[in-house]
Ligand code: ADP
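Given next, in structure tokens, is a single chain: the form predicted on its own.
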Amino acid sequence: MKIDTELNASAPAVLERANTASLIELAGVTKTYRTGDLAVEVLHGIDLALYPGEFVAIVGASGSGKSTLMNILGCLDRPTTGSYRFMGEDVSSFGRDELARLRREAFGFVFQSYNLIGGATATQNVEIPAIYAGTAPAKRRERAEALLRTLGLADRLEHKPNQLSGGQQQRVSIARALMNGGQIILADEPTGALDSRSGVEVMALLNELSRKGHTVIVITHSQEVAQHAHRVIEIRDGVIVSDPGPGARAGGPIAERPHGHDTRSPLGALVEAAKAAGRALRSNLFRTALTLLGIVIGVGSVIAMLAVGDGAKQAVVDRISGMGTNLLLIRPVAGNRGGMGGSIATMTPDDAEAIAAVPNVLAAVPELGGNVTARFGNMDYQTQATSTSAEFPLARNWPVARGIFFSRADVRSYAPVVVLGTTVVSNLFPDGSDPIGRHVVLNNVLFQVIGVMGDRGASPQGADQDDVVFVPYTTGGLRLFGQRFLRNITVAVDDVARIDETQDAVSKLLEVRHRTADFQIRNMASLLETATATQNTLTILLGSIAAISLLVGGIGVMNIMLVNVTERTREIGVRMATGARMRDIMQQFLTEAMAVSALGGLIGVAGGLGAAALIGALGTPVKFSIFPVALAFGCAFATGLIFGYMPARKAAGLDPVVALASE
């Protein structure tokens, strides 16, 4: 069996030193573990030199310290005291990311329990070290497949670990160790979990790697396995008790390329993190779906509630705007005239004529009204009658749909003419006949229909504004209501920007005319602002209530990600052992959290829009706009970032040795 030993990963700069020098040198290395106030020293002053191309076996019983020594040799752990030199450079003080670089570029690990990632295929498992080395996707896949074929796994490239035998999984582990070149192969009990035949095959592979020039270090308690090595070091109770020293090396050193900077682009690293996140999320679809549900409900609720709130606000604004935002509504109120029960019958058409002369007043329309019975043929209908002036359509921005509105001449001549609202037309003329030119009776007075008003819809208070008839205020006051005092005066201003100034002028005029403030002026522009502010408050309240669901969903994301970190601790250790830096681990788990939130956000947006559309179809006003959608989705994405940070930080902060030892 031939193994391709071409190296695709850079080695540290220190590897350029002369190969006659020691590759690894430990001097006075100790390791102490602390549990509270209890300190246990596992290694006691280890002195050891290893050379390029050696096949070394470190032998010892359980608890002898051999695994701790391997972790220090492989830069998975640090010595408590003493020095560790790699090709002459002291790496004892290296930071976590520097040690990760050294592991990525110089070491390959073969574990007793294989430590393959369950959701990844054999090829994807082998590719992991090259991902962190920045190798291009096509190149690393080609290299991984070539290694697997060389190791006899050509028909298992897309199989996952649970579809492979123990021996096949260990071969995948060896291929992974060789992916970045594997100048130094560290094998921890490589045959411990294998049957005899598979164990023989694995040791044959390690022997061939040694012949090809790889430095192979095997940690074992088996003398049979140790016999394959050229140098057997025995450790007992944390002390090396037997070491024959460097022996004949089977092959020359492997050619190394000088170390370069990390060639990964931020975008490439993000893409790889997204792929890993996708595999992790697919591996537990039910849990992912439950996590998505919280985000979906939160985002959908925010969008639907804001659409309903905006729809209600728009409906109110439209109704008020339909009446005209340039209006002043003047109503008489009880004053101090006459003491108790003072009359409010103080406003007359003369007041309207005086107001019409005020600067910036477009029209001043007197209005007098009351209930009337309208009759046509054998049809009777109770409605409201409004006696007003010819300027009413202009002031109220309410055009005539058919026919004409009465003129000033009609007002002056007390003409018995009437303009009908559409609701009255539909009740008096149910057959759809044209009412123009017909005569109707209002409270036993005959009027000729000269026009039909356009549809107005409901008022801000919900009343039907089309359930009304209009007659000249002179005719109505004399023949329908028997009085000339007005219900109100509607004033339309020309320049809305000066409406407050005009209101003050009108107020002063009426105070002079009436010698008292027996009136009330309502500014429709101010009313619109007040209504809008009120609806905005209600919309914010609705959105805030819905946002609580989004917050709960975010907490759910954090909980699930914390569970993921706990369940995948060994995977994190494997990634660290193969060269992942802290930011790589953090980026992966953050990407998973954001992927869940983003996907939940997209589904929530669709669900929220659908729910809002259904609510609208049932008759409730809704308004769709891009802002609530962007806000809800942005919040969902931010939720993944914020609530995913703590689990990601926890994952990135794990110690490689502790992570690899977890069950």
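All residue numbers refer to positions in the sequence shown, first residue = 1. Because the structure is a prediction, the values reported are computed rather than measured.
Another form exists, predicted together with adenosine-5'-diphosphate (ADP); not displayed. Remarks below refer to it.
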{"query": "Single option in A49, A61, A630, A613 placed near adenosine-5'-diphosphate (ADP) in the predicted bound form, where near means a heavy atom within 4.5 Å", "finding": "A61"}
{"query": "Residue stretch of 632-640, 61-69, 593-601, 615-623 approaching adenosine-5'-diphosphate (ADP) in the predicted bound form, non-hydrogen atom distance within 4.5 Å", "finding": "61-69"}
{"query": "Contact flag, V605 vs adenosine-5'-diphosphate (ADP) in the predicted bound form, heavy atom cut 4.5 Å", "finding": "no"}
{"query": "Residue contact check: L609 to adenosine-5'-diphosphate (ADP) in the predicted bound form, 4.5 Å heavy atom", "finding": "no"}
{"query": "Residues in 189-209 with any heavy atom within 4.5 Å of adenosine-5'-diphosphate (ADP) in the predicted bound form", "finding": "none"}
